[in-house]
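Shown below, as structure tokens, is a lone chain in the form predicted alone; questions about how it binds or moves come after it.
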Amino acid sequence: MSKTSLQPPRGTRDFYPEELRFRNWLFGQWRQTALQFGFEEVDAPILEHAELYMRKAGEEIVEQLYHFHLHGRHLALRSEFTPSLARMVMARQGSLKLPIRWFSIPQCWRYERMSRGRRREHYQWNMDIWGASEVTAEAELMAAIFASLDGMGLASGDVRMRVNHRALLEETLRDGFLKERPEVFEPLCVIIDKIDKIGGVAVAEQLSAPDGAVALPRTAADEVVGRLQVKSLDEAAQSVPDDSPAIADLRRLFDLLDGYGVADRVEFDASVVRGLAYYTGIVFEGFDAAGELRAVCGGGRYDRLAETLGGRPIPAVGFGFGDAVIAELLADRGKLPDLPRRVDAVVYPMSEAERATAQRLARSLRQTGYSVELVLADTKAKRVFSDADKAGAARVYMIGPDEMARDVVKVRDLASREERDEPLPS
């Protein structure tokens, strides 16, 4: 038999106590923000029906599924939470009072090429609003992202948001090749989303590949890539009709963000389309200002997702915020929290003769809400005090023969080194 590997599968993680303390802290930051914004938490199985993810727009996320057949069923590990959320909403579509504000912190799996901040297993914070068609929903979600980043101690300039509108690109191309081939818009967006990774030339090559999903003439592909360089909303407005709904939505969004006090942290970027085919409206992406990491978070409006899954149309918007990238960014900025192990007290029986009494004392202290470590083996007092200090304990409760005879426990305050006697609980 080959020797068992002591490492987890490539792209996954073990969470030792110190790593889990950070994960719990991060999840706490996310939960606190979501609750402050009036959202309720939901969850779903990590195992889903594979057809929930099997879309046909050439998305990388579909190709990266961990999926398998078992007992006649095609199943997959959850690669993203939004389809599961859509399934949940559709299951109670007739009874839910809209709009709903739900958040989740799911574990997701994607067999993808790894890089800094990119893993095959990760957790992400999702916040979604279903049943709100106004751009006020997008503004609320983006405000929540910035509130969470601020709560983590990052400076206001550390993360910036780029926004665009899927319909804006569609409007600019509507009188061209989309007039005859509207079905290529979704795969076109999937390819465009790679521009930061592979560059404009490679995007144009993929758009114009004769055997590709889009197969544009090279001149048309170059024109599309050229439109992605627009960084000003006023410049973008020159390419669409004066009554463009997309431009109106974006201008309204910036007005709303100004009301939240975060408009100066957001910029228009025509190249942001997001790589999921189901987006229909405003899309946004958070990135570190230094440009050293992959996207911190991203999301947008997906009004037709329920319909594509067989339900009635429901307007919806949401985002995903991964744990791996924000951990890298916090480390880079020196903002990782100091999260030592914490116990309130240590109970120390000096010999086995005092163990039963020490157990009763530990139980009594725990019942009052204290976190208590009971020394389990014969240990020297110097080691007990050292370990208690490292664990952040405030006090050590010592029980020896003398304390037993007097029916007391000796309490040492580790900060002041002062000692006192307290009566043992009955």
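We number the residues from 1 along the sequence you see. As the structure is a computational prediction, the values presented were derived from the model and not from experiment.
Note that the form predicted in complex with another copy of the chain isn't included here; everything after this is about it.
| Only one of Y123, F177, F268, F185 has a non-hydrogen atom within 4.5 angstroms of another copy of the chain in the predicted complex; which is it? | The option sitting close enough to the partner is Y123.
| said: Check K410 for me: does it contact another copy of the chain in the predicted complex (non-hydrogen atoms, 4.5 angstroms)? | reply: No, K410 is distant from the partner.
| request: Report yes if any heavy atom of E418 sits within 4.5 Å of a heavy atom of another copy of the chain in the predicted complex; otherwise report no. | output: Flag for E418 set to no.
| message | Using a 4.5 angstroms cut-off on non-hydrogen atoms, would S232 count as touching another copy of the chain in the predicted complex? | response | Answer no; every heavy atom of S232 is more than 4.5 Å from another copy of the chain in the predicted complex.
| query | Does any heavy atom of D43 come within 4.5 Å of a heavy atom of another copy of the chain in the predicted complex? | reply | Contact check for D43: yes, within 4.5 Å of another copy of the chain in the predicted complex.
| message | If contact means a heavy atom within 4.5 Å, which one of 252-260, 232-240, 159-167, 188-196 is the stretch that engages another copy of the chain in the predicted complex? | response | Stretch 252-260 is the one.
| Can we say W25, R312 and G322 each have a non-hydrogen atom within 4.5 Å of another copy of the chain in the predicted complex? | None of them does, since no heavy atom lies within 4.5 Å of the partner.
| field | Residues within stretch 214-251 having a non-hydrogen atom within 4.5 Å of another copy of the chain in the predicted complex | value | If the 4.5 Å heavy-atom criterion is applied to another copy of the chain in the predicted complex, 214-251 yields nothing.
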